[in-house]
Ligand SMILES: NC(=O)c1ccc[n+]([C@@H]2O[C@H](COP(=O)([O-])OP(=O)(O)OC[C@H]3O[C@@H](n4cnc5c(N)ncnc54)[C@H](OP(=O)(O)O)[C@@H]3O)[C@@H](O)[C@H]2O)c1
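Here's a solo chain for you in C-alpha cells, the form predicted alone.
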C-alpha cells in the first residue's frame, strides 16, 4: 500500500479514459491517494506515476474484499467509448462494459464486512432521457426508449444495487467539453480544416458540461455527506447544436457552413447518428439547489477556456 497523505484513498475505475485522465491528477493535488482498477497496467503506468496504485481487473470479475481496504470513496467511470461507429457487436460492448462492471462493484461493496467506503459515485449520462425535443429535462423526467436510454437505465439499476450499503451518487453527465478527448476533440479537426458544420438539423439541444465542472462535481460528491441519488451534471444553460458549432467556429476563426444530414451520419457512425441528433434540454436542478456551483455556466466561457 502507498503511504496516504491525508488518510483518504479513492478507488477509481475507468481512470485511463478521457474523464479519468483529468480526474486523477486533481484528486492527487487535493491530497487523495488513488487505487486504480485497470485493464492495462502498462497504459496506466504511462499516464500516472506518484500516488497511484494499480490493481489489474477485467471489469466483470468478482472483486475481493481487500481491494476496498482503506478506501474512503469509489468513483466508477468504466465504460467503452461512445464516440465511434456503433455496430451490433459494439452496442453489446457499450452495454456490457458499463452494466457488468457496475454490478460487480455494487455487489462487492454490499458483501464487505466491517467498515465500507463512505460513498459510491457512479456515472450515467443525460442520454437517459432519449430524444425529448423542446422539453426541459430534470432528474425527475422519465427515461427515453432508444438504445442509449436503455443502456443508461440498466447502468443506473446496477448502481442502485449498492444503495442499501453505501451513500450512492449517480452523475448523469452531459457532453463533456475537453479539447483533448470526446465530442469537442472530434469536432476540432474539421473546423480547423475549414470544413466545420452541424450534425443533422442543428436544432437539437445539447446538454454540455466543461470537464473541470465534472471533476468538481466528483470532489463535491465525495466531500458532501448529504449528496445522494441522481444528479444531472450539465451546465445550467444548454444550447442548440447549431449555436455550439457556430461558437466553436467563432473561437477558431473558422466558418461553420456544412450541414451533415442524418442519413449520411448513419452511414458514417451507424446507430451513434441517432444519439448525436437526439435533443436533451437537461438542466442541473438538484445540483444547483443543493449548493454545487459550476465554474463554467455559459458555453462562451467554456469554449474560450478550451480553445484560447
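For clarity, every value in this text was computed on a predicted model and none was experimentally measured. Numbering follows the first chain given and starts at 1.
One more form of this protein, predicted together with this ligand, exists but is not displayed; see below.
J.: Would you kindly say which of 73, 130, 238, 174 lies with a heavy atom within 4.5 Å of this ligand in the predicted complex?
T.: If I apply the 4.5 Å criterion carefully, the residue I get is 174.
J.: Among 215, 165, 80, 108, which has any heavy atom within 4.5 Å of this ligand in the predicted complex?
T.: Contact check passes for 80.
J.: For the chain shown here without its partner, which stretch in 277-285, 33-41, 247-255, 264-272 has non-hydrogen atoms within 4.5 angstroms of this ligand in the predicted complex?
T.: In short, 33-41.
J.: Using heavy atoms and a 4.5 Å limit, would one call residue 234 a contact residue for this ligand in the predicted complex?
T.: No - in the predicted complex, heavy atoms of residue 234 and this ligand never come within 4.5 Å of each other.
J.: Looking in the predicted complex, any heavy atom of residue 123 within 4.5 Å of this ligand?
T.: Taking the distances in the predicted complex, the answer for residue 123 is yes, it comes within 4.5 Å of this ligand.
J.: Although this ligand is absent from this view, report whether residue 98 comes within 4.5 Å of it in the predicted complex, heavy atoms only.
T.: Although this ligand is absent here, residue 98 would touch it in the predicted complex, with heavy atoms inside 4.5 Å.
J.: Since only the chain is shown here, I'm wondering whether residue 17 would be in contact with this ligand in the predicted complex (any heavy atom pair within 4.5 Å).
T.: Flag for residue 17 set to yes.
J.: If you apply a 4.5 angstroms heavy atom cut-off, which residues in 274-308 are near this ligand in the predicted complex?
T.: Contacts from 274-308: none.
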